[in-house]
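Take a look at this one chain, the form predicted alone, written out in C-alpha cells.
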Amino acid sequence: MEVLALLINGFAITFEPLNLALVIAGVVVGLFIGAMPGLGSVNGVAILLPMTFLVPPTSAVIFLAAIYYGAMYGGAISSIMLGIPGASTAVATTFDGRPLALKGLADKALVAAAAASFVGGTISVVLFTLFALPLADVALAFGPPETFALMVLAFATFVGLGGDDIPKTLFSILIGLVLSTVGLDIISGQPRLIFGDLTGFYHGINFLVLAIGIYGIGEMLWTIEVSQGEVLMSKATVSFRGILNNLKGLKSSIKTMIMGSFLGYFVGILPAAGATPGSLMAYGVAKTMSKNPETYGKGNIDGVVAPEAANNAASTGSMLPMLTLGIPGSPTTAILLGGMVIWGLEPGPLVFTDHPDFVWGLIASLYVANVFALLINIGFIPAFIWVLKMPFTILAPIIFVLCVVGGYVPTQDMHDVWLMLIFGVVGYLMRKLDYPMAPAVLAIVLGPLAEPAMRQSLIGSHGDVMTFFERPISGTIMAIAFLLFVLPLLKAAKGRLSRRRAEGSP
C-alpha cells in the first residue's frame, strides 16, 4: 500500500501542467530524434540537457526520460520505412520490418512496433515500481564473468539468425567480431588492425557506420537492381479501420511481446548492457521458439514485436541501476546520471527516501509517457506511410543523404562516411552471395561488451577459464548458451540425415 500511495503522489506531480507539457513535448521530440539515422537517444538527450536548467530538477528528468522513451519508439520508424536503423536499438526491427514494408504492409509493421513498445514499456515500468530495490541487488551480483556469459548467450542465439547455413552464419559472426576489435587495445593501449596506420581507425569502427552502410546503402543498391525502380512499398495504405484490424491481429503475438518485455527488462537492469543486446537477444529467442523460424527475415510480425518490446523494456530497466546504484545502465542513462549530479541529486539507495518526489514523479511520468508515445506514434502513421508513396527515384537520393548524415554524425569524421560506403557495397555483395548480414552486424555490437568482460574475468582468475562455469549465475547462463548453440546444429544434422534417407529410399 505504501508503494501505491507513493505512486499516486508521483502521478500528482506528473500531471502538473508544466510536467505534463514536458512529457508530451519530450515524447514528440524523442520520436523524431529516434527516427533520424545516426542521431538516437544518446545524442538527443545530450543536446537538450542544457535546456533542462531552465526548469526544476524533477521536471528536467521527466523531460529527458520522455525523450528517451520517444526515441525508443521512433527508432523503429526509419528501420521499417527506409531499412536504415535509427539507432543500434532498432537494428533487429529492420530484419522483418523492412520486408513487411516492401510487401506493402508498412502500416501493419508500424502498428505492431507501437503496440509492442507500449506493452514492453508498461510491463517494465510495473516491474520497476514493484521490485526496484530487490532487482538492483540482482544487478549488483553481475560481475565480469556473468556479463561475458550473457554475451555468449546472445551469440548463441545468433546461430539461428542466418537460416540453415550454419557455416556462413559462423563466418558472418567471426567477421563482425574481428571488426569489433579494430582500434586501441583496451588494456595495453596499443593500436590493432588499423590497416596501414589510418588515423580514422584509432577510434574503432562505429556500430552505426556498419549498420547504416549495410542496411541503408546495401539495401538501396539491392532494391535498385531487383526492382529497377518498381518498389512494392509504394502500395502501402492506411486507414483508421486498418489500424484497428492490425491491433486485433496482434493477439497471436502477445506471448512474444511478454517474452521480449521480461528479457529486455532483465538485460536492461545489468550495468552497461543497455537496450541493444536485449533487443537482439529477444529476436534470436523469438526465432528459436517459433514454429516457423524460416519466415523470420522475410516479414514475420513477431520479428518486429520481439525486439521492440525488448528495447522499450530495457530502456526502463537501464534507469534502475542509475537510480539505485549510481551506475548507468546504458549510454543515455549515463547522460541522465550526469544531469542528476549537476542538479544536486546523489543517486543510490538513499535517493528513494531522501528525494521521494523526484523518484516517484519520474516513475509515474514513465506510465504517462508510454501512453502518449503510443497515441502519438499511431497518430503519425499516415505521415510515415506518405513517405513510402514517394517514387523510388526521389526516395533513393533521400535515403542516400540520410545515410551519409547518419554515418557522419556519431564521430563527425569523413573517414566514417567513406567506410560506410564501403560497407554498403560489402552488404550488397553479401546479399547477392546469400550470406546472412544480421550476425555480422550484431557481433560488432556485442564484441566491445564481451571482450572487456572476458579479459577482466581471466585477469581476476589468473587465466583460469573455469571461472565462467564455477560461479552459479554465469555457469547457468553458459549451460543455456551451449544448449542454444547446439540445437540448430542438431536440427541441421537431422535435416541432412532425413534428406539422405529420402534420396536412398525407392
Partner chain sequence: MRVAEFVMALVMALFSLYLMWKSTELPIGWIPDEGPGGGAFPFWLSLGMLLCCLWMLVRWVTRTSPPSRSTEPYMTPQTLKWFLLVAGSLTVMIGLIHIIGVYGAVPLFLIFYVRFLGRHSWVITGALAVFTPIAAFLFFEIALKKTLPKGFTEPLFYPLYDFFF
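Residue numbers count along the first chain shown, from 1. The shown structure was predicted, so the numbers you read here are calculated from the model rather than taken from an experiment. Between two forms, the rigid core is the largest collection of C-alphas that superpose within 1.5 Å.
The form predicted together with the partner chain is left out here; the points below concern that form.
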item	value
is_contact(E294, the partner chain) in the model of the complex, heavy atom dist at most 4.5 Å	no
4.5 Å heavy atom contact, V28 to the partner chain in the model of the complex	no
Contact test in the model of the complex: L82 vs the partner chain, heavy atoms, 4.5 Å	no
is_contact(E225, the partner chain) in the model of the complex, heavy atom dist at most 4.5 Å	yes
Contact segment among 398-406, 333-341, 375-383, 257-265, judged by heavy atoms lying within 4.5 Å of the partner chain in the model of the complex	398-406
Contact residue in the model of the complex, from R192, H203, K298, K103 (heavy atom within 4.5 Å of the partner chain)	R192
Option touching the partner chain, based on a heavy atom within 4.5 Å in the model of the complex, out of A141, L247, V425, M289	V425
Sequence-ordered list of residues in 416-437 near the partner chain in the model of the complex, where near means a heavy atom within 4.5 Å	V417, W418, L421, V425, V426, Y428, L429, M430, K432, L433, D434, Y435
Cα displacement of G460 between this form and the one not shown reaching 2 Å, rigid core superposed	yes
Rigid core superposition, I212 Cα moves 2 angstroms or more between this form and the one not shown	yes
K298 C-alpha shift between this form and the one not shown of 2 Å or more, rigid core reference	no
Note on I212-G26 C-alpha separation in the model of the complex, which departs from the shown form by 3 angstroms or more	closer
Direction of C-alpha distance change in the model of the complex, G297 to L402 (at least 3 Å)	farther
